[in-house]
Ligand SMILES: Cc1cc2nc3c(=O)[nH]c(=O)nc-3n(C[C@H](O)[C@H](O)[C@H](O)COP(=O)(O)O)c2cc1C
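Below, in structure tokens: the form predicted on its own, a single chain.
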Amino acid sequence: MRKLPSLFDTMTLPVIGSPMFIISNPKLVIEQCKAGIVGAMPALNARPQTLLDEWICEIKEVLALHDKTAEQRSAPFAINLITHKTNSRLDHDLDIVIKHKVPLVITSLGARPEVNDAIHAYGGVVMHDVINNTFARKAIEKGADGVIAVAAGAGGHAGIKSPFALVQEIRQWFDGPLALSGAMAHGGAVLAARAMGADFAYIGSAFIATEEANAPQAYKQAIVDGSSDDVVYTNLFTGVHGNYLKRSIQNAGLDPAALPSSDARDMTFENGESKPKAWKDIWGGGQGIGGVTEVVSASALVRRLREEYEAARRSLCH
């Protein structure tokens, strides 16, 4: 059995809540952590940037209070840093992460040794998200402690690799922390990720349909009503391929079946945005949304995932 960093010891379900642009906020992160999974949010969600310090203070204070009285300590929280060269906020956000000694940092869009070194200096753990084995190797070579394998079907920016192929290739050479992302909204999928060799399932879209998520009610209902047939894979909106809800594309006056292509070289985070304002109402969503049937609290969703996970484990023992 692989030895994971001790910060993961308080988790009660092997799930990391993925950091979602706009959607993830302190309220959602706190409830995920209290429920026993890693809660995460992008630093870029804090706007103006000075709000990031306040948000992390809030998360730490609420979880510390919870841990004083709860039977089960909360799981760790994570902050996502966009390490793309156009992110003019990176230095500021990294300074805040260092100030608060954020236990887990998720980096995206370019592994950077100097960022990893700064986080390691205070004892933090870094996981970098990747869409193929080549990028996974580069991330580890540049100092990341673990990788998040973003396979086909994941919400938002996603790859095209089968999770079976991607995890298999990474595990041939890497024995450190590995999370798997892609179309997971059921506890059975969490167990399947573990069986394949991942340490954690990385779940985002299912948490959009929670009471705490910072999403319009229409967006949450679209997740509930949707299925994999309602998800479109395109690079139009950010320059990087990702999965989006067909309904939101249609509402923007576009034909989901005839979308033009964009250029990854046009991607920019100069204004702290991961999408041009013209696409602010385009909704991300993964292919697993067919498993989401109602809007519930984050704690209720984690409880359902845990029950399904345990039921799946028992079924394999017969």
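This one's a predicted model, so the numbers in the text were calculated from it and none came from an experiment. Residue indices: 1-based, along the sequence shown.
One more form of this protein exists, namely the form predicted together with the ligand; it is left out here, but the text below deals with it.
Although the partner is absent here, residue 82 sits close enough that one of its heavy atoms falls within 4.5 Å of the ligand in the predicted bound form.
The closest heavy atom approach of residue 200 to the ligand in the predicted bound form falls outside 4.5 Å. The ligand is not shown here, and in the predicted bound form it never comes within 4.5 Å of any heavy atom of residue 26.
Although the partner is absent here, residue 182 sits close enough that one of its heavy atoms falls within 4.5 Å of the ligand in the predicted bound form. Exactly one of the stretches 113 to 121, 164 to 172, 92 to 100, 146 to 154 approaches the ligand in the predicted bound form with heavy atoms within 4.5 Å, and it is 146 to 154.
Here the marked residues 14, 187 and 302 all miss the ligand in the predicted bound form; none has a heavy atom within 4.5 angstroms. Out of the listed residues 78, 125, 136, 208, 208 is the one that sits within 4.5 Å of the ligand in the predicted bound form by at least one heavy atom. Residues of 32 to 57 that come within 4.5 Å of the ligand in the predicted bound form, judged by any heavy atom, reduce to 42 alone.
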